[in-house]
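Just one chain follows, in the form predicted alone, and it is written as structure tokens.
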């Protein structure tokens, strides 16, 4: 019992310390992110005044850095709902310290990704025209509905497991935090006292949310792929795009979770709860999807290259030998093969190896999104010279602001809400102690009902 009490005190300190103590480095980090975001806002203001002419996008290459980053953010949003839901359904107990962070990454990534669609429109004032006058036959309208549904479901899926923790903070931090934060915890706790009926209802709600969020998560990136796949343009005219995008989304989502988890583990001293095994287990998942992505690439390019229909030769040349060959081979070798080898080899299958592999995966998957968008639009539809595209400083500034916003929201979240699900971590620890406890000797008398509490 003494060991359990000491462990609970350490857990409570770990959970509450980031909420109560703020270092000067944290404020400097927030200031840096705000400067980057402010510069991006300035660039966007110039784009609003002068139009999309300030970018390098034109009539033939009308999508570029913005849509590439949108697809990337929607992809990494799968870090939370899919990974968390799958691990919850399979009752993988090692998941408990990482699910909260994974679920929040989903909400943040979706929010940041949606902004790039608005930025790419140019005329932001026409945003609601998509809802008011959009054609239901258009994949763009499908995409708006899918992302909105996914964001709503992800917020609910994030909130439900937080209810007991909000009650915990409401009770433990009274008089130690500002009144508005205590009021926020009280509201979000929705009257939680932890009785049997509440636990039963919460368990039922989480089960329903898990079962619903899985098909929603799969469908949203499938619908994103249909924006490309429903066209007749080479190389987007592919029936495999849906599965290809979903696999790539989970792949990059796992990598993002590993990177963010490693950073926060170091900053907030979570080594007692987030062990090397968590990174290795996620690395196994990442390695499996690396194989899926390699297979999908080989299957796609082998079948289209064998037939070599009109436009395919031009696309293959620009992708494998000419303008975008560097992007493609970095993606294939650096983003797929190298991470797979790091995970496969026992002497690199460790914390640092998995982290390096995750960085290469995320870099490779962003590059993949970029060349999918740009090289597809470069393939001539008529006998004219192919257009060229390189993002302007405005596009780079807004993209940097998007990533800074992603980091800012996570940084603010960990100062207001627990990084880990306190009640789940505690429950898992109690189960592990119970399973490790020696069994009573045969014939030992059972404790009478109503014994000592």
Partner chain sequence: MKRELKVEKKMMGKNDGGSGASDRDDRPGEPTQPPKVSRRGVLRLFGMAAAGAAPLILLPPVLQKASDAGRVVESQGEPAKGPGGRIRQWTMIIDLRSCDGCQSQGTPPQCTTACVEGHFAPEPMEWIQIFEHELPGGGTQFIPTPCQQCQNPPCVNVCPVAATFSTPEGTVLIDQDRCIGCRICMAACPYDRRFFNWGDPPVPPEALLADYSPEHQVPAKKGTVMKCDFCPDMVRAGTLPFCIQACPNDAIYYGDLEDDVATNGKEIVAASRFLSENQAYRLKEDKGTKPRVYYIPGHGEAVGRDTADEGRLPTEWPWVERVKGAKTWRR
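Numbering follows the first chain given and starts at 1. Quick caveat: nothing in here was measured; it's all calculated off a predicted structure.
Quick note: we don't show the form predicted together with the partner chain, though the next part is all about it.
Put simply, of 306, 136, 180, 347 only one has a heavy atom within 4.5 Å of the partner chain in the model of the complex, and it is 136. Note on the partner interface in the model of the complex: the residue among 267, 240, 381, 156 having a heavy atom within 4.5 angstroms of the partner chain is 381.
Stretch 43-51 is the answer when you ask which of 414-422, 398-406, 29-37, 43-51 has residues with heavy atoms within 4.5 Å of the partner chain in the model of the complex. The putative spot formed by 123, 140 and 231 is fully lined by the partner chain in the model of the complex; each residue has a non-hydrogen atom within 4.5 angstroms of it. Not displayed here, the partner chain is approached by residue 149 to within 4.5 Å at the level of heavy atoms in the model of the complex. Taking non-hydrogen atoms only, residue 131 approaches the partner chain to within 4.5 angstroms in the model of the complex. At a distance threshold of 4.5 angstroms between non-hydrogen atoms, residue 167 is out of contact with the partner chain in the model of the complex.
Although the partner is absent here, residue 366 is not a contact residue: none of its heavy atoms lies within 4.5 angstroms of the partner chain in the model of the complex.
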